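Single chain ahead, by itself, as structure tokens, in the form predicted alone.
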């Protein structure tokens, strides 16, 4: 009920009831349409829901056919470089246990018919069709998107009640999953002890939803939730990238340190005799503050952009990227393009860019920075493949940028087409 608002009135007059009404909270469940897969324009979603409250979108991806099946996922989990986990649930004891990959076939043969979940991260880096799911969140900056994690669960399987410290879109691919969430802003977030999983010690859900194939559940950071499979279930989780402030600070400090010459040192020409052995006194601390403070304040916008671009495209990289170590000649690049071989982005490389004077750009790829035409930067961020005859690849500035990207392995040439016999 709206609270009454006190008004100035004579002492003998009763308080007038308020005519103001508290704005109604936006609905927690909506239905998608063909033109609006979010059930609303992206601008409204960002204003009312993004990092504010959960949302269930019924039919957001109606008719979507998941590009991989449980066997595909199990095969990927057996790869040495895959990031995979199996979580087993003990219903009677309300406990969950974790087993990290990689696995072999015998691992899956020994599992029961219920109460376990296989989770594989970065599946979009391995499967281009899974990467197509990211089109659902193209209204967000691409550098904010982390990966698509895929989970297969048998009946009753789940990872237990927990919170994520980043935004996530949970897309139901196959079967059904029941989600319990808490929208209580004061919900306890203490963790259980004695487990490798970051599970909540207490969980009191305020809402429950059963998701069918094509439904999507959006969760802002720090919302307690728990998903349990109803029968066999596959969920595709689109996670966002949200560096911790401590990570930003550490990387930023390293960036600043790289700019300083060896001649810049801590100095204390005003030193006085020490009052006690080993004491770091207030004067010493003030000198340190003086050294660090002005450096951050004097940092130009362009330097900040260059640091952040490198950092955010390197952050949480699924696997290291390395080139051949040899920088190709421009003539070699022209000849290879002339043979019809397209340019491909490395699937594990993230790209971003900032404006750099007129039609130029500073392009960032997996922590590297190159200068190039703005049109090329936009294209490499938007498209995983540039055909060999693309006009963007014809000018010398673009070829020089490609030369640097090829050297570090962030882009590569497509395989030569097979000759017909």
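Positions refer to the first chain, counted from 1. Keep in mind it's a predicted model, so treat the numbers as computed, not measured.
Although it is not shown, the form predicted in complex with succinic acid is what the next lines describe.
Here is the short version: of 130, 159, 74, 83, the single residue with a heavy atom within 4.5 Å of succinic acid in the model of the complex is 159. Proximity to succinic acid in the model of the complex, defined as a heavy atom within 4.5 Å, holds among 174, 192, 225, 306 only for 225.
Contact with succinic acid, judged by heavy atoms within 4.5 Å in the model of the complex, is confined among 258 to 266, 309 to 317, 235 to 243, 74 to 82 to 235 to 243. Among residues of the shown chain, residue 96 is not one whose heavy atoms approach succinic acid to within 4.5 Å in the model of the complex. Not displayed here, succinic acid is approached by residue 179 to within 4.5 Å at the level of heavy atoms in the model of the complex.
Succinic acid is not drawn, but in the model of the complex it has a heavy atom within 4.5 Å of residue 164.
Though the partner is left out of this view, residue 119 does reach within 4.5 Å of succinic acid in the model of the complex, counting heavy atoms only.
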